[in-house]
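As a starting point, one isolated chain is supplied in structure tokens, in the form predicted on its own.
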């Protein structure tokens, strides 16, 4: 175990710069033959190809050693992850994987990646013979995380997988077991664990508010059904759930690291959908999490509100307000006492603004090089999925409380 608190994000081995969703939809039938030959379910057909997102920033050159293959070239990969390699000290992008080979070629040309390092979902397993790839970063719909993680481990690569880790606890355990069998590291993409403003908020929560009593978390977005980024999120077979899986996970995980403990009971309610497009998934969900310390968390997540991400933590001596709390940039935290407020924030659209992404990419490289513990392990990811599944259990059983007093998950690492 690391000497750091298990819920405290770290930024070890990097310069500490103060600075601050998408996934790739598989083309119809792409990867079906390979998936079936390995015993995995075939991806759904007829989803169509993704449009080519605009680039935000060019990538700089540098002597980085640790090579990533990016699997899935949607908005998040193109506009956040790929540009973030420009700031990495140790990591670089060396391969691309997409259901649209033309998109991969265009991005490969921009990032200096030769055709021999471009893969489709059909020939993905050939990545095992690519010496330039040390790790695979999986940025696919949630239901594909487990299968591609196992395939990556079989190829002998380390894995960084986007959150939520998977759609079931059983899939999470498969991923963890596969990594241990392969002798490779599994990291989950909790980018906020590497955000300096989040670090500051945790420091204040531990030292400057007294005893934490109540935390409120709200995360929402306004769904655009014409945007391919949202289309797979509205399909339960791909997403595994709705607003809770996609946005609420920030509140679930954030409550845990802000309070530095896990809840022992959850209770949730799914609100009736306001639009038929939400018929398969939860459009809006609210919940309560109770903690052994006596603290309580109130949370909400919605696909039908103005985009926002907000945390409020009330203590016996002071309170903290984060608004936005988990954005890609411009996050802020305010320490509030009677008549006195101090605020820390990050600039928007400046070079350090993507620091949380580049820090995350470098963290796996550092951990592999030094054989040091990861800050965001598979076990951490599985705990969030267990809590989310418990919330769904509560919501589907008349909002009855569900015990989550499962003991200390950290002892399994």
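Quantities reported herein were computed from a predicted structural model and do not represent experimental measurements. Residue numbers count along the first chain shown, from 1.
What follows is about the form predicted in complex with nicotinamide-adenine-dinucleotide, which we do not show.
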Is it open or blocked here: nicotinamide-adenine-dinucleotide placed from its pose in the model of the complex by C-alpha superposition, 2.4 Å cut-off to backbone or C-beta atoms, 3 or more ligand atoms needed to block?
blocked
Identify which of 103, 200, 236, 185 has a heavy atom within 4.5 Å of nicotinamide-adenine-dinucleotide in the model of the complex; exactly one of them does.
103
Contact assignment for nicotinamide-adenine-dinucleotide in the model of the complex, among 289, 133, 285, 73, heavy atom within 4.5 Å
73
Does nicotinamide-adenine-dinucleotide, in the model of the complex, lie within 4.5 angstroms of each residue among 121, 189 and 250, using heavy atoms as the measure?
yes
Would you please decide whether residue 232 lies within 4.5 angstroms of nicotinamide-adenine-dinucleotide in the model of the complex, comparing each non-hydrogen atom pair?
yes
So, in the model of the complex, is residue 139 in contact with nicotinamide-adenine-dinucleotide at a 4.5 angstroms heavy atom limit?
yes
Just checking whether residue 108 would be counted as a contact of nicotinamide-adenine-dinucleotide in the model of the complex - the rule being heavy atoms within 4.5 angstroms.
no
If we define contact as a non-hydrogen atom of the residue within 4.5 angstroms of the partner, is residue 246 a contact of nicotinamide-adenine-dinucleotide in the model of the complex?
yes
Partner absent here, but in the model of the complex, which of 160-168, 210-218, 303-311, 262-270 has residues with a heavy atom within 4.5 Å of nicotinamide-adenine-dinucleotide?
160-168
